[in-house]
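Just the one chain here, the form predicted on its own, laid out as structure tokens.
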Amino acid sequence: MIRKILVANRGEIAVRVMRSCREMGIQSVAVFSEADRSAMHVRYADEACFIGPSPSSESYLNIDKIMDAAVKSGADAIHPGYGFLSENAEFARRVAEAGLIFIGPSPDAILAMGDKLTARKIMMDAGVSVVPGTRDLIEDEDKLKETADSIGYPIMIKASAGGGGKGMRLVREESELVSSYRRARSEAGSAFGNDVVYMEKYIESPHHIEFQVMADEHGNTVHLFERECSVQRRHQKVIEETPSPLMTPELRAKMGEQAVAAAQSVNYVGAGTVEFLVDNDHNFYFLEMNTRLQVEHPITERVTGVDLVKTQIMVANGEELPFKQEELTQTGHAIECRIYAEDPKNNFMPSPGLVKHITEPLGLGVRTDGYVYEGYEIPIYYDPMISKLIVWAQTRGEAIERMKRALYEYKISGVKNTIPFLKRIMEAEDFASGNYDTHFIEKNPEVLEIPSDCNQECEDMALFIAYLDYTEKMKKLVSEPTEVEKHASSPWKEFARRKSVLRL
């Protein structure tokens, strides 16, 4: 039985996993770098282990240090979260060799789906629809034109080991082909240490729709429906929702069936996500599979009522899935906004720094998965996401209005953030109508134009002044005792005075 889990991650996902651990009566172990000594996940966990300097290559990506922490802490299992080592087959193998449980799929499944070209071949053999394109890697520049002509322009050149938009080049005509191919290989080699690329047909104005899957080691595999992820900036998701506005019952059934087939083709165990591109005629094509929990998993939890992290832990513990496909249903509508410490008025430059004030939204149907607090300094070394704001309502229209209200209530001062940008998206007509695809932001340039908001600026100034006033009062209370306190001779009285100051 799993009694103690080391969470090999940081930030909001580490806290999220630890919450489920606490509800299950399982102890949690945090790992932290120099920059994260005062981080929320360290404060929340039952135990914490220091693993090195701030750069992730010397801490959160260092397998030896994490394995050493797991053994010394007496952990039974390791949950990788997402990012960092979550899709690293070598890490999963090392965990198993140490006699610990890796809360995720097997190393073989990670390897198979981690390489996009390999995954394409597996999907083709499993009868899953894939985007028309090459089956093998492209090594000979002399065959580029022949291959591109056979697929038909426009085409997309993609890094086989890639992700996050790196190593990708859109080619609309032959004159761009060779230079795009070379740039894609160079970027892929620099980013992933692997310059293998392949070609596929570019799907114009697609929807990016993913299916959540869950499987156990007893042969049971289910999907927990879809998530619409088409609001993207630089190939990175910004907003997700479920159900998808594009979806019909027939399309959902077909895509769900293929998502399950994709997972079964690699003997998948645990939580995973099968991603598809869908055109306006409801033709859909396999894109990739993420062999981990996704950032946007909370919206699936909200409409299905399933705690995905608890289910991951149960499956890793050798238990059967507690539900069958026919028992799963969607109730209501959920939307997630990703809040980043970035400046939307300055090309989304990262904005690390001290969080001077934060007020998170509350109320019916509102959930915030975050990790920052007043006085916390967001480090420069990691992803700048502050939190995920999730809302749920009975209908999509009501969910949008609830998200608008929640974004209005969300106040952060001290660092620039993307809340104004997200507000603009919620107000866009195309989003409200559900008539959007992966080019939504390009087609709605006004979304990027954040107008000056006098009311907001005045509110931010008031928060800043209140913060300054608060800090000055704290200094006075600590340094200038009252007349009564000046005569305090007992150290217990002095302790009580300082404790009351801290409470303020």
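Numbers follow the displayed sequence, beginning with 1. If you're wondering where the values come from, they're calculated on a predicted model, not measured in any experiment.
The same protein also exists as the form predicted together with a small molecule; that form is not shown, yet it is the one meant from here on.
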Find the only residue in 254, 235, 404, 93 having a heavy atom within 4.5 Å of the small molecule in the model of the complex. 235
Only one of 144, 122, 89, 203 has a non-hydrogen atom within 4.5 angstroms of the small molecule in the model of the complex; which is it? 203
With the cut-off set at 4.5 Å between non-hydrogen atoms, does residue 33 touch the small molecule in the model of the complex? no
With a cut-off of 4.5 Å between heavy atoms, is residue 438 one of the residues that contacts the small molecule in the model of the complex? yes
Residue 388 versus the small molecule, in the model of the complex: is there a non-hydrogen atom within 4.5 Å? no
Is there a non-hydrogen atom of residue 342 within 4.5 angstroms of a non-hydrogen atom of the small molecule in the model of the complex? no
If we take heavy atoms and a 4.5 Å cut-off, which stretch out of 172-180, 80-88, 239-247, 270-278 is in contact with the small molecule in the model of the complex? 270-278
Look at the candidate spot formed by 224, 307 and 333 and say whether the small molecule comes within 4.5 Å of a heavy atom in all three of them in the model of the complex. no
